[in-house]
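As structure tokens, one chain now follows by itself in the form predicted on its own.
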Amino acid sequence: MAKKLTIEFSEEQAMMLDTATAFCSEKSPVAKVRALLETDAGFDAEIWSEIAGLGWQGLAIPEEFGGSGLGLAELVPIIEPMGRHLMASPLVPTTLAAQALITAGTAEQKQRWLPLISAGSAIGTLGLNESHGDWDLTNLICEASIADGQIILTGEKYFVADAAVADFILVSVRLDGNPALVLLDRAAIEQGSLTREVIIDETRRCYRFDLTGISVAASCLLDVEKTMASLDLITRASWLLLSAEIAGGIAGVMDVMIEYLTTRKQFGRYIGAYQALKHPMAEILCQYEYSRSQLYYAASIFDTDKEAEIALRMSKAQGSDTFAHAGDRAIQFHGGFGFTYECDAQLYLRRANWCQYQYGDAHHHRRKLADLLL
């Protein structure tokens, strides 16, 4: 008998979606988004404090460390409206760093950092990407060696989100031929080791991180026996949260398109009445519904094994294609104005182009799905 597919949406998730939608709509209007493009941090520290008051940083952290003890699925209805309104914050990288600590951190590391993250008093991030751009996180060039109780690092990491404001960075390295994770607090990050990168999504802050010469105590090493499990969780959690951000982004760019189609007139009619624009808009709406359904199904079964991987890869592939297509159509619908920096549609297209290549593009995931399904 075929397995029945169900999408679960709990009362807690519904409440969080309502709260997050209202919060993001109020705190992240497009004027605010554009103003933050010119800042060094890229996000508003006061809003970050308000997010801490809502308890979002500790949502997926166990209660023993001051969190709410919920799962990553409960974060989806929060990340989705953040994506819809292009809200800038270090919530996703901090959440991923926290999950890595929960999975592979030592008792001392957990006791030190997880309560701070839960309270919104610490920002964490991950240094996983390397120059080869391989989405396999176990393919590592950066190395570590241990001598006299010290871990000595070499190599460079790329696209380290919010590194300049992070209180700690978890970096992946090869130690004795095997993947390992090392925790570097702010004091260990040497001056000049971070270089701001220019990326297509200007709402984000990413850095190149030169590890060469950094030396920390051996106690900064996470449990090497649990490293693979931690990297696997980081990968799957990234697919889930990226898919949530993408689903929100599709809704956001549709808002921009609908506003234009229902206010701009051509030959005495609103341009949204013309089939050449009406039909593509309807198709984008259908694809958005497919993406959102796949997202929440993946969230529903996130803690399973093979079935979750299939659902997550499908969600990431579907969402990536839809968001990129919707962003492109939004530019075209605006005509010549769409190609200017002042058009808000380009903010979403930039976000779409960034998200689709993080942790595997649609083509990559479909190739992997072929092996899982056939």
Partner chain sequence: MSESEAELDRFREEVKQWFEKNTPPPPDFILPDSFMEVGTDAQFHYLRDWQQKVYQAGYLGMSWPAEYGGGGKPLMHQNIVDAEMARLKVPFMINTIGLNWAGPLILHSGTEEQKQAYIKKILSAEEIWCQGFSEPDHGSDLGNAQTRAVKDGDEYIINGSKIWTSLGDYAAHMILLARTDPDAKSKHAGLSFFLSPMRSPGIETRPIKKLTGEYGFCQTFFNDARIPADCLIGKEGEGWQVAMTTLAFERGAVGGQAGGQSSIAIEVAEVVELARHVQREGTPAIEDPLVRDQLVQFLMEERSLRLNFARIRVPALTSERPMSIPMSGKLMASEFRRRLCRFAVSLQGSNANLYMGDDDVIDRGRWQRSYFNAFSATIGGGTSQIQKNILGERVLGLPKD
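Source: prediction; values computed, not measured. Positions refer to the first chain, counted from 1.
Although it is not shown, the form predicted together with its partner chain is what the next lines describe.
Enquirer: Just one of 274-282, 118-126, 85-93, 178-186 has residues with a heavy atom within 4.5 Å of its partner chain in the predicted complex, so point it out.
Expert: It is the stretch 274-282.
Enquirer: How about G336: is it within 4.5 Å of its partner chain in the predicted complex, going by heavy atoms?
Expert: Although its partner chain is absent here, G336 would touch it in the predicted complex, with heavy atoms inside 4.5 Å.
Enquirer: Should D223 be classed as touching its partner chain in the predicted complex when contacts are defined as heavy atoms within 4.5 Å?
Expert: So D223 does not count as contacting its partner chain.
Enquirer: Is there any non-hydrogen atom of Q318 lying within 4.5 Å of its partner chain in the predicted complex?
Expert: Q318: yes, in contact with its partner chain in the predicted complex.
Enquirer: Does its partner chain come within 4.5 Å of any heavy atom of Q332 in the predicted complex?
Expert: Yes.
Enquirer: Looking at S219, T154, S293, T304, which is the one with a non-hydrogen atom within 4.5 Å of its partner chain in the predicted complex?
Expert: Of S219, T154, S293, T304, the residue with a heavy atom within 4.5 Å of its partner chain in the predicted complex is S293.
Enquirer: Give, in sequence order, every residue of 347-374 that has a heavy atom within 4.5 Å of its partner chain in the predicted complex, or say none if there are no such residues.
Expert: Stretch hits, in order: L349, R350, N353, W354, Y357, Q358, D361, H363, H364, R366, R367, L369, A370, D371, L373, L374.
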